[in-house]
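Presented as structure tokens, the chain that follows is alone, the form predicted on its own.
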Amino acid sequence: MTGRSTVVNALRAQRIELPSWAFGNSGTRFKVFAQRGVPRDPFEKIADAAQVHRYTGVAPTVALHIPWDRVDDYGALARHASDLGVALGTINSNVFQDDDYMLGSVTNPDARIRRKALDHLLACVDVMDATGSRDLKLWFSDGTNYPGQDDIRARQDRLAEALTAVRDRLGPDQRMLLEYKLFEPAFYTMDVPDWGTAYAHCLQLGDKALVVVDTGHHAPGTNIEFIVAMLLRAGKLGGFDFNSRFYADDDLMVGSADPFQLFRIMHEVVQADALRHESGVAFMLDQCHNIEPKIPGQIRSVMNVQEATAKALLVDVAALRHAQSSGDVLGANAVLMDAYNTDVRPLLAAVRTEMGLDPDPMGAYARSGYGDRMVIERVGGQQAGWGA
């Protein structure tokens, strides 16, 4: 069984990136719910994200979404983040909310609109240059609603052309992470609907292109840990967008719908030694806190990932390998279940104490009074949201 010091060191070194948009107002396609004290600009989003890192100790970077987080001076935003003890991370492009993109962005049949979308993606690389970001995350809402609406193969050609142009613009230490989604907003075909499509494009694009697994972007019953294992084996897993789903792309807090699934995913990560920062796998939350308060929602999500990770680290690998090699089906399953059923909360509380943190991040944040102060201070202006 893995020694305690090894487990503790891995948990102390864990890094989970926060999404700036999780701190803004969000909702469903029917309603965006406003909450008091919500940030009004990217600087206030970073301040809220810094609170999550302050109480968890493992969330030191914040992903930006462009144009939601557009500012005049990205250097100033980076310095602001540094002053608060965090840094800017992944840059996420947005080519899905402009009216021109009704029939697609980079796969649109109109060459003018394709050029507009590509220019935005290239501008996002400029933002990466200004912020020192390593990763550009690409998600496309492109697709069709009806058979015959457009040429499926031609759209893949247009996609490949745009992805190639973006790859060629990247700097030597920069990467592009291609995200897939089964459906929505297009319902007949999505142009990047699954991991196989994303993988096929990334394979052609070379080492700078990797696949992102959003845990909410699959059909019901999909074995996500199998996808993770395959991409790890191929060296093409660039990162995760962690959230939970019951029915569709619910964007609920990670681990809230199926904590056992999250454990199984993290087991594959740990077995591939991909938890280390040097592995190149980025772990990011991608959630919309519609009815729960934003900062506590992010703290709880980080804690959920920590718990799943701790359980995965506690798997008795030697016993598991012995049971697997001897064909002991029930014995092998029992090894995993023993780790999953372990209450790791005392272990994580001890780790936080050793890191100089409060062992109860949720309680510590509540006692800080930060949320109440923001309600009082953030009066006036336009609250941030994801623009629905």
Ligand code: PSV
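Small disclaimer: the values here were computed from a predicted structure and weren't measured. Numbers for residues come from their place in the sequence shown, where the first is 1.
What comes next is about the form predicted in complex with the ligand, which is not displayed.
K.L.:
Considering non-hydrogen atoms and a 4.5 Å limit, which listed residue (Lys311, Arg158, His217, His289) is close to the ligand in the model of the complex?
P.N.:
Exactly one listed residue reaches within 4.5 Å, namely His217.
K.L.:
Given that the ligand is left out here, which of Phe226, Phe260, Phe96, Tyr188 has a heavy atom within 4.5 Å of it in the model of the complex?
P.N.:
Contact with the ligand in the model of the complex is made by Phe96 alone.
K.L.:
Taking the ligand in the model of the complex, would Trp21, Asn92 and Asp241 all count as contacting it (heavy atom within 4.5 Å)?
P.N.:
Yes, all three are in contact.
K.L.:
Quick one: which of 100-108, 69-77, 266-274, 137-145 gets within 4.5 Å of the ligand in the model of the complex, going by heavy atoms?
P.N.:
Contact-bearing stretch, as computed: 137-145.
K.L.:
So in the model of the complex, is the ligand close enough to Asp249 to count as touching (4.5 Å, heavy atoms)?
P.N.:
It does: once the ligand is placed as it appears in the model of the complex, Asp249 has a heavy atom within 4.5 Å of it.
K.L.:
Hey, in the model of the complex, is Lys181 touching the ligand, heavy atoms inside 4.5 Å?
P.N.:
Residue-level check for Lys181: yes, a contact with the ligand.
K.L.:
May I ask you to state whether Arg54 is within 4.5 Å of the ligand in the model of the complex, using heavy atom distances?
P.N.:
Taking the distances in the model of the complex, the answer for Arg54 is no, it never comes within 4.5 Å of the ligand.
K.L.:
Flag Arg352 as yes or no: does it have a non-hydrogen atom within 4.5 angstroms of any non-hydrogen atom of the ligand in the model of the complex?
P.N.:
Outside the cut-off, so no.
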